[in-house]
Structure formats: C-alpha cells, structure tokens
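First, one chain by itself in structure tokens, the form predicted alone.
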C-alpha cells in the first residue's frame, strides 16, 4: 500500500498538530470537524502557532478543511484515517461506524487516544475491520516530539503495522515504538507515574514546588520545566482526566494506584479555574504588582501564592550517583523519586514490553528525558543501587540482575530503529579525548565531537576539542536537545567579574582561530545540528564545510540581544554569502545592509526552509526529518566528499562610510520610534562598523583576517560596556532580553 491521502477527524490540539505535520511531509490532508468553521479556525491556529507547527507557511497548501456531515465522503478514498476527537468512547464508536461504512478496503484507521485501550475502542468493530485498526499515539507538539507509539494486538495485519511504522519513520521523522495494549502504553505509563511520584514525595518531604522542580529537572536529566510546571503546561484538568483513566484501567494492586489520586489541592485548583497556563495559573501564576509582572508559586502548606524563590543546587552536570548521595533533603528526595521510578519500570518487564530499553526510548522521545529508568540504573551502578534499595524480592528483573552479579547490564540502544545512530555506535567507538565541555570519539575512519555542557554552550574546552579532532574527517553532533545555544556567557562574565578582560579577548581570538581552522583544515568538517544553533553555535555551523540539519532547528546570530556582535566569524561568513548574490554584483551595499537587517534584528529561522532564504544554510547542506538519520546522512556526505577542495579565502570589497551612513539612518529611525534605546543605538553602530568593513572604501580589499579583527574589536568594546554587562546578567537571570 501507499499513503498518499490522509483524513484527520477532530481539529483540536492533537488533530491539528497531526494534520500540520502531515503537511510538512507534503502529504495531502483533509481536516474534518463538526462544522467547517471549526476546522477553518484550526487552520488559522496552525498558521499562527508558536513555536510553529509548519516548517514553512506554504506547507498549509497541503491542507483542506471541511465538516463531518458534508465532507465525510473524503474518507472513501483516504489511505489513512486518523481519529482525534474528544476522549469519549460513545463519540468514538459513532465515528468508527461511519468510517468503516465509507472507507476503502485495506485503508488504515487509527485513533490518537492516550488513555482508552485498543480493546475498548475496537469492541464494536467486525473482525475484518479490526485487522486495519490500531492506535497511533502522537505526543504534543507533534512536530517537535519524537515519539509515536503504535499500539496493536494479535488481530492486526502485521504487514500494515510494519508499513505504518516505516512510513512514520521515513516521512514523518518519528521514533516509532510498537507496543501492546496496556494502560498508558509505554511513555505515559512511566512518565505520568514519575510525575505523580515526584509530586507526592515533594509533599511527603515538605519540599516547596520550586525545590521539587529544581531537583526533578536538569539534575536528573529531565527538562528544566520540572514536575509542577509541567503539570501547568499540560493542563491540570487534563492531567486529572488522564489519572482517572489510569485509576480505572490499572489493577488495584498496581503500584501506580498509590499515587494516582494526586494532591488534594488539585480539585480546588480546577474548580477555581487554576488549570495551568491555559487558565488563570496553576502551581505557578503570573501576578501583577505595581505594574510589574511577578511569577508566583503556590505554597502547598498555606495554599497561598508567593514570589518564586530561585533554588540553586550548584549542579552543572548530570551525575545521578552524586545527586542521590547528597546528604541533604535534595539528595533524599532525588533518591526517593529515582528509586521508585526504577522499581516500577523494572517491575513491568516483560508485562508491558519485552525490550526494557523501549521504555527508556519512550521517555527520551516522548518526555525529553536524557536517560530513561534503566539508563538511570546503569548510571548509578548496580552495586550502588542494590546497596541502598532494600527489598527487591517481588521484582524479577532486578532479582535476576542481582543474582548475576554483573557490573553493567545495558545492551544496544534504540532497538526500535535500524538506523545507525550516535547512541547506537557509542559502545563501539574509541574514546580519544574528553574535557569538561566536549568529548572526541573515533569511529572507523572519522572523528566525532559531542558537546556536553548545559545547552551545549561553548567555551575554551569546546574549542580545544574541535581543534584536536581535525586530524581526521570530523562530524560535530550530539544527542542532547540543543546543538549549541552559543558562547557560554557565564564563562565570559566570570572573567569580567574578576576584571580579567584579557582572558575574554584571548578566548574570542581562540574561538575565531578554531572556526577558521574548521573551514580550511585538510579534511571535511560536517556539522549535524538539531534544536538550537544560535550565536556561537551558528558560527560553528556557518564555518563547517557541510551541514546536515534536522528539520526541527532554530538558527540565528542573536548576539545583539545581549548587547554584543557576532565575533566568531558570524558577521564575516554571513556577509560573504550575501556578497555572492546577483544583487551584490550591481549594488556593493546590498549585502552589508541585508546582513545588518538579519543580525541587527537577531532574526532566527525555525526550520531549514526558513534558514535558506537568510543564507544561514548554503548549497552544501542536506535536510533530514528523522533525527536518527543525522549521523547516517553526515557519514554519507563524508564518503561523497573525501577529495574535498579546500575552501577559498573570503576577500571583500566594501564601501565603508557610505554603507555605514545608510545603516545609521535605519538606526536613527528606530531610535526616534523608540524601538531601540541608547544602548541599542550603540550596539547597532558597532555592528554597522563591522559590516561596512570599517575604514575602507571600494578601492580597497578587506581580507578575512581583517573582518575577524573588526568583529573582535567591536565585541571587546561592547563587552566592557556596563550596559552590555547589564543585558547579559539580566538574560542569564531571567531568560529574557533587557532593552536599555
């Protein structure tokens, strides 16, 4: 079979997200709801969504909308019909009756339910229809979350399940895990249990919600949202409905039942409209005081809101053994939560899956955990875990491991896919070098550099790793959510606090030297970004010979937001690319003005399709939709470019003062309209000086090294400015820009 047309029934959050992502894959989609007007509004929401559900707005042309009364005939020639209506079984059964009366033979029908078992959904279907019916459980937001659980039973046509899995991997870029019909499947069964344990233990140990979120977050390899903030994000009312389903479907003796009821305060929050971010607030809320917005957190003991207290655990990197051995309440809380997650997850093998690592993959793909429960166990170490845990007599999985007296048990990663991912090859690579910020691996005939700082921010150690790794062809890639969020501003500010400006300058020079080395070294260098590639991260990408980029990328040179200019070659490289355009051949100021606009406004692209028009990506790039393909695609590029010709040095003809005056007029207009303030004007003038070539004219040639020097001088001038330092401190503290 071949999926060429899809009908999605139900235009709510999930239905719209599924339809939008099918549009991204250039699959024609019909989105149906009770009334066409409802579907039209969903179409508008897709176009306006933030973060964007579409790779580019033109993808919406793959979507048509209608209603289930007048347009239901579209089901008759659809290859795949996805039901994504409200979680009411009576409504779903009515929809299925209509679908199976209209659909063509051999089409696939699936439900996006996250709570209702397959056996309940299909109980009124004929045996021949059950063969073609399954659950396709996408995670929200559909474009960005990697997991798709396909839930099937023994009646399913296995060939169709396999085809749907392959289609969803290749066309939709999903990590597809096929699982049986058990409550919550894999991701939600463990993920929601973990959330409930984290909340319950926080109350039992009298931790504030800020303290619980600080621990049940980055220190555990879990997104920084934490548990209470995640509840708010999902919706407290929605989570309540999910838990009711678990309570109903799970056996009474299941360990989940001990925490399924949640906190008593939840009922009151829902009744008063505090359902999370979509309501008046939840465990957190934004309040106004003296015309200022203040983030407040709920005190669970007093049931009152107070300004949020920042909790600093002084943890820079994930080290679970160190975390659970802390002799304070945070260590005790971490151990209590982690041990319960490991115990519960391991008790479900093989009941919910034969492959324990599928549970880990579901948590990593569906909840953005950096490691699942079994990877946590491996990270802590079996000996350490068993010395702390106590009774495991009723847990066959752990009993078996203990009896074997092994030190390591974890086998192959990512068994759900045949692709040779970074995660899979890590057990076979040669570890060449490692420092606090990056690691170098050798795999066969090429090197790999993986950054490993918070958000993969770059510092001197990152540059060391990149430089050392160029003795062979190099792929810069990682498994974390971000490629690199840019230069480590904390690292820079530490030097400034110590009045050590020379070390800042030394670092930026080294950054420039490293990026130049990447561009001109003997062997090809390939960047394989996913997630954020901003500031310094984007400068590494810009000066790599080739790029393989995932579709979920955010690229841009955003330094002006913190009062700086790109100084790792970003100004130079983007300017050079724009200088090669046809427009620049007749107008010498075209490229400087274009780049001034892009960098000055700190414009970003949220997909490769958006990045190309801004020339963040040039002709030497590939785009893949499945993140697991990053390494295979990068290797293919390496193999195809073994005899790569060295890059040619950039040489510019820039008009200097002439281009600068045009830029200053733009700045003055923005200043007069109060879109920028005093320091914004100052930053803009420094950027203008760099992009115009400094003190040059069209009769002179500006070399690449001179451009690097212009970048460095402007960066240093700005970083010594108190107003830039204020911007950096404010951004590091709040995550938001300061306009001064």
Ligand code: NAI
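None of the values given here were measured: they were computed from a predicted structure. Residue numbers count along the first chain shown, from 1.
Here the subject shifts to the form predicted in complex with the ligand, a form of this protein not shown in this document.
Chemist: Flag residue 731 as yes or no: does it have a non-hydrogen atom within 4.5 angstroms of any non-hydrogen atom of the ligand in the model of the complex?
Modeler: Judged by the heavy-atom cut-off of 4.5 Å, residue 731 is well away from the ligand in the model of the complex.
Chemist: Is there a non-hydrogen atom of residue 137 within 4.5 angstroms of a non-hydrogen atom of the ligand in the model of the complex?
Modeler: Although the ligand is absent here, residue 137 would touch it in the model of the complex, with heavy atoms inside 4.5 Å.
Chemist: Flag residue 25 as yes or no: does it have a non-hydrogen atom within 4.5 angstroms of any non-hydrogen atom of the ligand in the model of the complex?
Modeler: Taking the distances in the model of the complex, the answer for residue 25 is no, it never comes within 4.5 Å of the ligand.
Chemist: Is there a heavy atom of residue 114 no more than 4.5 Å from a heavy atom of the ligand in the model of the complex?
Modeler: Residue 114: yes, in contact with the ligand in the model of the complex.
Chemist: Go through 585-593, 362-370, 84-92, 488-496 and give me the stretch that gets within 4.5 Å of the ligand in the model of the complex, heavy atoms only.
Modeler: Looking at the other structure, the answer is 84-92.
Chemist: Going by heavy atom distances of 4.5 angstroms or less, which of 238, 392, 644, 155 would be at the interface with the ligand in the model of the complex?
Modeler: The residue from 238, 392, 644, 155 that makes the contact is 238.
Chemist: Can you work out which of 698, 47, 677, 38 has a heavy atom no more than 4.5 Å from the ligand in the model of the complex?
Modeler: Looking at the other structure, the residue within range turns out to be 38.
Chemist: Sequence order please: the residues of 62-77 with a heavy atom within 4.5 Å of the ligand in the model of the complex.
Modeler: Only 68 sits within 4.5 Å of the partner.
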